[in-house]
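Just the one chain here, the form predicted on its own, laid out as structure tokens.
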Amino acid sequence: MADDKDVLRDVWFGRIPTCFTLYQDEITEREAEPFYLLLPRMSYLTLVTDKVKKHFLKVMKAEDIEEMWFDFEGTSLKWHYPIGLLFDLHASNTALPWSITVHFKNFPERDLLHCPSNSVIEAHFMSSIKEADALKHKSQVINDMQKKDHKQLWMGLQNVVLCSSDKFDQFWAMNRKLMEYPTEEGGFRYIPFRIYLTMSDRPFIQKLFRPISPDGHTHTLGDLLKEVYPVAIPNDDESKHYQVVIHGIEPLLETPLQWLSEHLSHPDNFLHISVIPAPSD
């Protein structure tokens, strides 16, 4: 892979200042103070919010507590979406800190998956990595890894909450193998990506898309959007209706898709792309 390590580090250490407040209808023994946390963009809500749960349990009775879940302005937040994706999709144009509401009752069964333990997160994470490698290498890389190598990837995700260069190096020592490809091929077999739309009932758009065209042309982010969701690209004579956001930034549409996949993918090895309405002035 093309090694722009500074980019990888910036993505790895990305944080979102967040204010957690308890839902007003929750029963408490005394007033619940808000809880502030820097959330790592690369992780999952249920993996990094133990401190949030402990904070609010101090003012609640055990019988009033069920499975914890979160919402932002009435939208239930899916724990199996990376935190950075949730922010880009639902809160890109809001003021910081990100204001999340905490619930312990009335779990929204239709909107969210249950997450009773970290083993559920691990299973989801490893399933995503395996799917991504099937697209990139016909599963050859992940299948050649040993179980301890899979564990190193999982431990890397768990450790992303620690602002540690050692943990970054530990994860990338293994993840680098998933980002390699034969030089003569010029890229992965297919790019693992998902495009998320706030204005659609469909969870996301995903299809087979190669980083290189049959005639050797390097595909860009713009090429992908033209193929998959062309309305995201404004015509020359019209104003921009949508923002295309990855890790909180709007990459140039001319950016090669292979480079984006290698450097802006989440630890699950997918490129998570949010298409959101452009803010009106």
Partner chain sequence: MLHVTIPPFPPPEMSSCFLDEETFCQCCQLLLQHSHSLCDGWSWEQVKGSEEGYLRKTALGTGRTRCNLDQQGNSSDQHQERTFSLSFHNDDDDDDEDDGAVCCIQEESSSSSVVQYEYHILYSCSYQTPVLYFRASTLEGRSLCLEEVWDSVHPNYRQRLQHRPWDTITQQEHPLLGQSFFVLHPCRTEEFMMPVLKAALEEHRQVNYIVTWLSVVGPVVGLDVPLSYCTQKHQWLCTRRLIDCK
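Since we're looking at a predicted model, the values are computed, not measured. Residue numbers count along the first chain shown, from 1.
Keep in mind the form predicted in complex with its partner chain is missing from the figure; the text below concerns it.
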Consider residue 115 of the chain shown here, and say whether it contacts its partner chain in the model of the complex, taking contact as heavy atoms within 4.5 Å. yes
Using 4.5 Å between non-hydrogen atoms, is residue 199 touching its partner chain in the model of the complex? no
So, in the model of the complex, is residue 145 in contact with its partner chain at a 4.5 angstroms heavy atom limit? no
Is there a heavy atom of residue 74 no more than 4.5 Å from a heavy atom of its partner chain in the model of the complex? no
Tell me, which of 137, 78, 103, 90 has a heavy atom within 4.5 angstroms of its partner chain in the model of the complex? 78
Assert contact residue (its partner chain, in the model of the complex, non-hydrogen atom within 4.5 Å, options 31, 50, 227, 238) equals 50
Give, in sequence order, every residue of 85 to 112 that has a heavy atom within 4.5 Å of its partner chain in the model of the complex, or say none if there are no such residues. 106, 107, 109, 110, 111, 112
